[in-house]
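First, one chain by itself in structure tokens, the form predicted alone.
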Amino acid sequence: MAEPESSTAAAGAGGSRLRNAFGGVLCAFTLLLIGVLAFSIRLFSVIKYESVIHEFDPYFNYRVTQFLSKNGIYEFWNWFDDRTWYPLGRVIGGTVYPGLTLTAGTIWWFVNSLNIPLSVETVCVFTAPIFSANASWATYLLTKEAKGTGAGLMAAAILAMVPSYISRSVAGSYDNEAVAIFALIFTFYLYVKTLNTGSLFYATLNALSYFYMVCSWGGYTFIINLIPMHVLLCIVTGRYSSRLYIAYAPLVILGTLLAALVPVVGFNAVMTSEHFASFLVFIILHVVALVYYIKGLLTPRLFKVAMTLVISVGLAVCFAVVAILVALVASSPTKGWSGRSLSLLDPTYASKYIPIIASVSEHQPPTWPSYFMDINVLAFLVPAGIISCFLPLSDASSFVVLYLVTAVYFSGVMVRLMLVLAPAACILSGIALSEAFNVLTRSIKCQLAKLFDDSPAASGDSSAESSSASTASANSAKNENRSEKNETAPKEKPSKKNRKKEKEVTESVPAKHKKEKKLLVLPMEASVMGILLLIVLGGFYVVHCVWAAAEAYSAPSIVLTSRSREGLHVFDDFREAYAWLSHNTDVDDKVASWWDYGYQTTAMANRTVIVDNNTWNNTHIATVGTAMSSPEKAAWEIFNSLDVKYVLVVFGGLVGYPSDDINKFLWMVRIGGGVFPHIKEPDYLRDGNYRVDAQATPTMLNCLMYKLCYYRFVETDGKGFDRVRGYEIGKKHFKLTHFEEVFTTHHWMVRIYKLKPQKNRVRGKLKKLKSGSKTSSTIAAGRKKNPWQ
């Protein structure tokens, strides 16, 4: 009898190993397909248009990557760019997050070392799709640590297609978020992995991943505040363990030291208020660890005395640290917080005090439809995922829930942070779908088994049943004998009371499991309908994601398209204007425009700009805003003092392009008026309304922005009808005295003007001035007024 038993056990073990191996291969193949899906769904922009860099900020990143690949890493760190922010310039190495640039530069170097001739632009275009696949795999790892392999695969597949992430990671979207979202998710995975295992190896990897996140994006402050919040939550709820200490302490020490090595961060890693929460929780964690250590050494009576002493000392240390931190930040008007952080904590702060931040469309709060556009059906699955995380609640699942709650708040303040919400929504939706499929498929299995058991039994069936029953009894007897043999003889024989308790426990556990299984078993019809509904829901989600990737988020802002009855219209005015600047102006000529177009002008036209998208100097931007808001002569004096030779404006009134400078003009007024008080917003409004028609104010009709946009506009249709604003302009026929039009693109979207040279003095007028009275001389002196006022 021993030989059949051993052969049966070996066959069972071999079957389980084969099943596990097949499951691992299937999981790896599924992850590979998910990676291919994440990469390919982001290629619509290249297929429909061409391989170009999108938006505005990516052009600066592309230009920096070109410099890095051409001149090397040391020249990059010391690069002073004199083509931006004239006449101030900008130190690139100390003011840029280098993670994206170094990543793309490394990929380019590696590919070319393999003799694959790819250009820097091609590598930059495809960096975001590559890292979207990496982000999907990181999501799988994080969700697997929280709820298992099935939930991980679901979450990875959902993240590969979620529109919110696609909007910032299509091919050509070469921005910091392209690699930062992967770094964010991978850092969270390593934190949860360390929390589950207590391994110092994973803790060290976690600090290195955090360092990569710091190099990549300013949103790293979200990590260094979310993880301390979770550690504090675990301490408060009584879930402290040595694993929690190992997961957090190395991250704070090693992560902060590494973050300080990034030039753009430097000592801000220990001097700004965004990082103080991590240090405070670090002290609290050590106090709690000391309490638990003392508790294991002392008797309960001595522990109470030591507890009082430790708490007193700990509170004193905490108060001292808080006092030091308050003293450090008290001198700052913002109490050590950056403007963007304050605008997240107080959504009205930017509109009150920093209009340059409020003027950015990405910093506006989202509308409700944007949630359904960017995460679609996930908004309905997330609540079910939250419930699943509490059944049962673990350290990993509590972290996922806390991540979602904080991400929902921040996404409600700033539409750009919908990107941070997307991974949390995908993880919880994957958990919800996995749990739902588990319940439904288990119900179908149970119902099918019950259906076959209730079928009428024939004679052969009864004999089979009796033989199976005898086999089952024999197997149970064998298992009992095997368990008796395997059990070692205990040193002390348990008492009758203990044996009775053990028996009650062993009897109650199977009964409890049976009761739970009965509760989770649904009728056959309901289970089948539930699976079909989930498949239909997934189908709708896939269709929406593909539509968003192909239509909503694939168009590059530098090349615009529209459809009409006549067919597809392509508007390539931006590149047309930059090409004209590159070929028809001198290399040292300075170009003034609103800051939105600074990066593109520098990268594509290779011309010096006054301001750009970095927005680090509010006064300089306010100067340009003041010039655009001033009358023509005053604006000419301001631009002439800055050595400006050309002025570029974007106008969409002819083709209906809404993101033009006329629609942005009130922000120029607000930013300029914040520094130069003579610019007042009410002067440009009629009864509180912004108008450019016949009801517009004289100040509006005579400002430089109005004249540069609407100069000769009446010649297009004879009426001067603005398609964006929806009415005829107020001032149609006028001439320019200090500026001359040198180029207007095919669709009038970009217009370039040249400053006229200063007029020479006439000798007759000089004689008049010399022979004039004192009053005339004072008038002449008064003409030399300060152009800034």
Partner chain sequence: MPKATSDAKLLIQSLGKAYAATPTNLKIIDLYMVFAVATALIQVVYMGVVGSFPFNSFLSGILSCIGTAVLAVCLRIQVNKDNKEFKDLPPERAFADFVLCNLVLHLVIMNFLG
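Not measured: the values here are computed from a predicted model. Positions refer to the first chain, counted from 1.
Omitted from view is the form predicted together with the partner chain, to which the following refers.
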query	finding
Position in contact with the partner chain when the complex is considered in the predicted complex, options V236, I73, L533, I253, heavy atoms within 4.5 Å	I253
Option touching the partner chain, based on a heavy atom within 4.5 Å in the predicted complex, out of I294, L88, L451, V543	I294
Partner-proximal stretch of 379 to 387, 224 to 232, 153 to 161, 260 to 268 relative to the partner chain in the predicted complex, 4.5 angstroms, heavy atom	260 to 268
Close approach of A277 to the partner chain in the predicted complex, 4.5 Å, heavy atom	no
Any non-hydrogen atom of S199 within 4.5 angstroms of the partner chain in the predicted complex	yes
is_contact(R243, the partner chain) in the predicted complex, heavy atom dist at most 4.5 Å	yes
Contact flag, V675 vs the partner chain in the predicted complex, heavy atom cut 4.5 Å	no
Heavy atom contacts to the partner chain in the predicted complex at 4.5 Å, residues of 272 to 305 in sequence order	F282, H286, Y293, I294, L297, L298, R301, L302, V305
